[in-house]
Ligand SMILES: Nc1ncnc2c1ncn2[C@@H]1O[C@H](COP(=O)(O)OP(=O)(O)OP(=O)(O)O)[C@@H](O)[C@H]1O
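Only one chain is included here, represented as structure tokens and corresponding to the form predicted alone.
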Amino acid sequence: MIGLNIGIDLGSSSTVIVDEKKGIILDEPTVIAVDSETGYPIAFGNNAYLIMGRTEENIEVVHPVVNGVISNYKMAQTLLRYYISKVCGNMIFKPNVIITVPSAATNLDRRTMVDILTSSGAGKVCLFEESLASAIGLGFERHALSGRLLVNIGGGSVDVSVVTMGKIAVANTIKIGGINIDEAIQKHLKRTRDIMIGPLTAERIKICLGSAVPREGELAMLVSGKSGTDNMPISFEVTSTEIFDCIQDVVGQIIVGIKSVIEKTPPELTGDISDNSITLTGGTSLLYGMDKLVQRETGITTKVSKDPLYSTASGAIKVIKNLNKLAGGYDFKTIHQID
């Protein structure tokens, strides 16, 4: 095909763009800052992320992708147009784009994605299931008969899929993820201490103290926030035990989603999963003890992939380099070719 072939992993937390020659060419947050009165974009990606919680009232930081699907058409279009222009420059031919989508995405979600991409500068678009891209990135054999359970835990959603023979046998997308853990921490501190913290501080607490299972030794860190009593700055200590307790509801919902897929899986594939183990990928799979919790709750050996942040992007690179992997219903289309 004429034009550059690129892959896009558009997540609730971050957007990764790859091409066949250079690999990862962009990795930035999926956020955009706009003037709330005019709607004019002020900052994109990294620059917009850094001003979250630090903006004036007339500046709004927007997350155009929520729970793995487009929630703000206009902002998603503006952000993707910026990113595509950034990586493709002033090329004569529009790029052909492979973009990953949750396995449970509806036909409306898929059509919206194609529409946004083609109006943002893409020539033709191919939708590719996120779980299959991750499986390819992790090196799962495409024609292997034995089934594998792959759990992609991202910022806004958890994609749970049983993959066999290069196809998805059973799948479910849980609309919860790492961002919900951040929000749980913010709500807990507001409710129990009347202290307000921003999303960046909540994320830092999650990374440093968060855990899916109790830690052997308690950790603590000093955090800055805003007192709800007098609206003055305040510094306070947070412990790992406190954070473990306040995020259990979110973590528990992830476990329920994983179990629901296992329960719907045919016996033969369930046996395969027991033999092959469960593989966790995605940024939130790095939460301390997540693999231990999944293993304890399912009784199946569980491991975190070697490169959980970029397994989907790695799969997209492999697909771009070998486009015959798109056989079996996958094809590049324009919006006018979608039924």
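Please read these numbers as outputs of a predicted model, since none were measured by experiment. Heads up: residue numbers just count along the shown sequence, starting at 1.
Not pictured, yet referred to below: the form predicted together with the ligand.
Engineer: With the partner removed from view, which of 110-118, 176-184, 221-229, 83-91 is the stretch that lies within 4.5 Å of the ligand in the predicted complex, judged by heavy atom distances?
Structural biologist: Of the options given, it is 176-184.
Engineer: Please determine whether L286 contacts the ligand in the predicted complex, using a 4.5 Å cut-off between heavy atoms.
Structural biologist: L286 belongs to the contact set for the ligand.
Engineer: Does at least one non-hydrogen atom of K206 fall within 4.5 angstroms of the ligand in the predicted complex?
Structural biologist: Judged by the heavy-atom cut-off of 4.5 Å, K206 is in contact with the ligand in the predicted complex.
Engineer: Quick check on G315: any heavy atom within 4.5 Å of the ligand in the predicted complex?
Structural biologist: Answer no; every heavy atom of G315 is more than 4.5 Å from the ligand in the predicted complex.
Engineer: How about L309 - does it come within 4.5 Å of the ligand in the predicted complex, if we only consider non-hydrogen atoms?
Structural biologist: Residue-level check for L309: yes, a contact with the ligand.
Engineer: Quick one: of G257, G156, G123, G147, which gets a non-hydrogen atom within 4.5 angstroms of the ligand in the predicted complex?
Structural biologist: In short, G156.
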